[in-house]
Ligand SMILES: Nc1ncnc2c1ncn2[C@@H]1O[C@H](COP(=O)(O)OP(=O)(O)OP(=O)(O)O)[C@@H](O)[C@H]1O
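Just the one chain here, the form predicted on its own, laid out as C-alpha cells.
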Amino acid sequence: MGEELNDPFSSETDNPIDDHLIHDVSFVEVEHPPNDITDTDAKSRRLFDIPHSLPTKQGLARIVTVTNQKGGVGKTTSVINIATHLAMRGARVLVVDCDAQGNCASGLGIDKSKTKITTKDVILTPSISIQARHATAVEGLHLIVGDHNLVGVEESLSAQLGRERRLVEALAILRPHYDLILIDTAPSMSIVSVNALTASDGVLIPVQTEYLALEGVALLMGTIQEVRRILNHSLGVDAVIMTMHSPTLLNTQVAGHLRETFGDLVLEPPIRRNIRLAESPSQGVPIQFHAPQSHGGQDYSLLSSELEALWFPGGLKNE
C-alpha cells in the first residue's frame, strides 16, 4: 500500500536548466496624465448616425419628445422647468406625460387622484384630447396627466391597427393651439414611447454626465433610426442636454466626450446638481418659482433660452 506513482515527465537524469538562459526582467511604470478636456477643445467624433430634425410647419406647435432609455437622467425635471421657462416667456406650451409614474403632475402642483382623463385615455380615444388638458399655476402652460394606468396600454392596443399613431391623431387636434408640445417618456421603449416618437418633430436627449452615460443614448439612436425608417421619416434630434453635472474630473471628462460625440447638438450650460431642484417637486412648483437664483434655476433659465432660440428662431409671437 502507499505505492508511489512515478511521474513520466520527470527524471533524475534530466538536464538542469542553464542559469545563463534566465534573465531578470524589469518593468517601469509610467503614469500618463489625463487629457485636459475643455469646452472649447472638443471636436466632433461621430459614434452614431445622428439624424437632424427639420423646422416646424408654420402655424403648428413643435412637438418634442424628451427621452433617454437610461433612467434617472432628469427627463421629468427638464420637461417641467423648460416648459415653465418658455411659458413665462410667452409661449403656449402643452406637456404630455407619457410616463406611468406621472411625476409631471406632482411637479406642476396637480392632484392626479382628481384627474378624470389621462394620457392613457387620450391614446385609446384620440378625439378626447381637448378635454384632457389641465391648467397649471403657470400661465400658458397646460398638462395632460400620466398615471399608472399607462402600464396597461400595451395590452389594450395589441389587436388594433395603427396603434403606433394614436398620439399623432390626438395631438393633431391640439397643434394649432400651442407653440410647443413637450412629451415626457418613461426610460423604456414601450408602445407609448413609440407613439411619442412617431408624433414628434424632434427629440431632446438629457444625458447625465456620469460613467456609461452613452449607454442609453446608443440604444436610443437605434430606436430613433427604426422609428424614422418605418413610422416617422422626418424625426430627428433637436439637442442633447447635460444633466446632474458636478465639477469633478470624471464629470468633466464625460461632458467632453459628449461634446466630441454630438458636436453642436450639445447645448450649454450643463445642469449642475442642486438640492433646490430636488426640493421643488415636493413643493409642487418648478424651480423658477421655488428658487430661481439657485444653480438649478440659473442653469435651466440659460438652457431654456438656448432652446427658445433653436425652436423659435423668429422669436415668440406671443412675447
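All figures in this text were calculated on a predicted structure; none of them were measured in a lab. Start at 1 and count along the sequence shown; that's the residue number.
Unshown form predicted in complex with the ligand; subsequent notes refer to it.
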| item | value |
| --- | --- |
| The ligand contact in the predicted complex: T136, any heavy atom under 4.5 Å | no |
| Distance check, V73 to the ligand in the predicted complex, heavy atom within 4.5 Å | yes |
| 4.5 angstroms heavy atom contact with the ligand in the predicted complex for N274 | yes |
| Partner proximity in the predicted complex: T77 to the ligand, non-hydrogen atom cutoff 4.5 Å | yes |
| Interface segment, criterion being heavy atoms within 4.5 Å of the ligand in the predicted complex, picked from 96-104, 156-164, 141-149, 217-225 | 96-104 |
| Full three-residue contact with the ligand in the predicted complex, heavy atom 4.5 Å, for P51, V194 and A239 | no |
| Residue (of M244, V168, A213, I110) lying close to the ligand in the predicted complex, criterion heavy atoms within 4.5 Å | M244 |
| Residues from 187-211 in contact with the ligand (non-hydrogen atom within 4.5 Å) in the predicted complex | P187 |
